[in-house]
Ligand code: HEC
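Form predicted alone, single chain, as structure tokens, below.
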Amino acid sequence: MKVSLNLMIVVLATITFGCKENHFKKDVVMAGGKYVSAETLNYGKSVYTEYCMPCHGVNGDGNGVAAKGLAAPPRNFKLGLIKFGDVASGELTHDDAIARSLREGLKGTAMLPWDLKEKQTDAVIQYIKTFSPKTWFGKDKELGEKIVANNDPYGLARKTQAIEKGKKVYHGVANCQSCHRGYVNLQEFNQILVSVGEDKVNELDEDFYKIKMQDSDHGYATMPPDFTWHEVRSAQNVQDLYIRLAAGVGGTGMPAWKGTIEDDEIWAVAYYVKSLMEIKDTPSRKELMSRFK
């Protein structure tokens, strides 16, 4: 009993001194000129410890005690990379995009929707940034231009037209199948190529219907989704998909398409991808897949 008591004293002393050492003493100016008090950072640390630490780890490096059992690795905040932001990939995102991931979670992963109060959400977001001070600290750090899903040129009235155009852009303009997979047969593919001014091909690439693993800056390879089968982690509707296509996925091979293809083309691909998502677990998916044999 005496040994156990001594051990407990040592543990409590370690925790106490560790907490004091890690307490924030100074206020900080974050990217975008956001002033964050030491009080907020300390509160954010307590929220993080309660909700986030088991997966993301004490040091925010994604090596929490629960991380080893997860198929999708928890985010390593020390890298300063936000995958699902509301700005072009590579730029610093706005807090409300991070808040959305906290509020809604990420489909197909262990990142759950968290029912946090607004004060908790803001505090934990600011604390997470402290894991990568070179990225987030400093009044000179600017946030990227926010991408919003406004001015949909199609709407429900032109949904069918949008899907057909999206299929052409997906396979013939953006060549999304170079990372994801194709969803047309040889005849359809050649019709698309001709429609966009490209030459026909005699056969499809052997990987045309395969998902291609991609290198990333996160320390592991990423797998682009098969839209008819996998969950799309950060997007559930056409507007979400537009933002993800326009912004890209930070630190991965998924580029920001805004400025590379026309805005109406991005919207069209969003409609097309949504139509693929909708046939999951339906006879329509089986029918579509049978055309590729």
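Bear in mind that the values here come from a model prediction, so they are computed numbers and not experimental data. All residue numbers are counted from 1 along the displayed sequence.
Below, we refer to the form predicted together with ligand HEC, which is not included among the displayed structures.
Participant: Using a 4.5 Å heavy atom cut-off, indicate which stretch of 185-193, 105-113, 130-138, 148-156 touches ligand HEC in the predicted bound form.
Facilitator: It is the stretch 105-113.
Participant: Spell out, yes or no, whether the shortest heavy atom distance between Ser89 and ligand HEC in the predicted bound form is within 4.5 Å.
Facilitator: No, Ser89 is distant from the partner.
Participant: Please determine whether Tyr220 contacts ligand HEC in the predicted bound form, using a 4.5 Å cut-off between heavy atoms.
Facilitator: Although ligand HEC is absent here, Tyr220 would touch it in the predicted bound form, with heavy atoms inside 4.5 Å.
Participant: Using a 4.5 angstroms cut-off on non-hydrogen atoms, would Ala162 count as touching ligand HEC in the predicted bound form?
Facilitator: No, no contact at 4.5 Å.
Participant: Considering only heavy atoms, tell me if Phe227 and ligand HEC come within 4.5 Å of each other in the predicted bound form.
Facilitator: Contact check for Phe227: yes, within 4.5 Å of ligand HEC in the predicted bound form.
Participant: His94, Arg181, Lys83, Lys167: which sits within 4.5 Å of ligand HEC in the predicted bound form by any heavy atom?
Facilitator: Of the listed residues, the single hit is Lys83.
Participant: Only counting heavy atoms and a 4.5 Å limit, does any residue of 52-75 reach ligand HEC in the predicted bound form, and if so which ones?
Facilitator: Heavy-atom contacts to ligand HEC in the predicted bound form: Cys52, Cys55, His56, Leu70, Ala72, Pro73, Pro74, Arg75.
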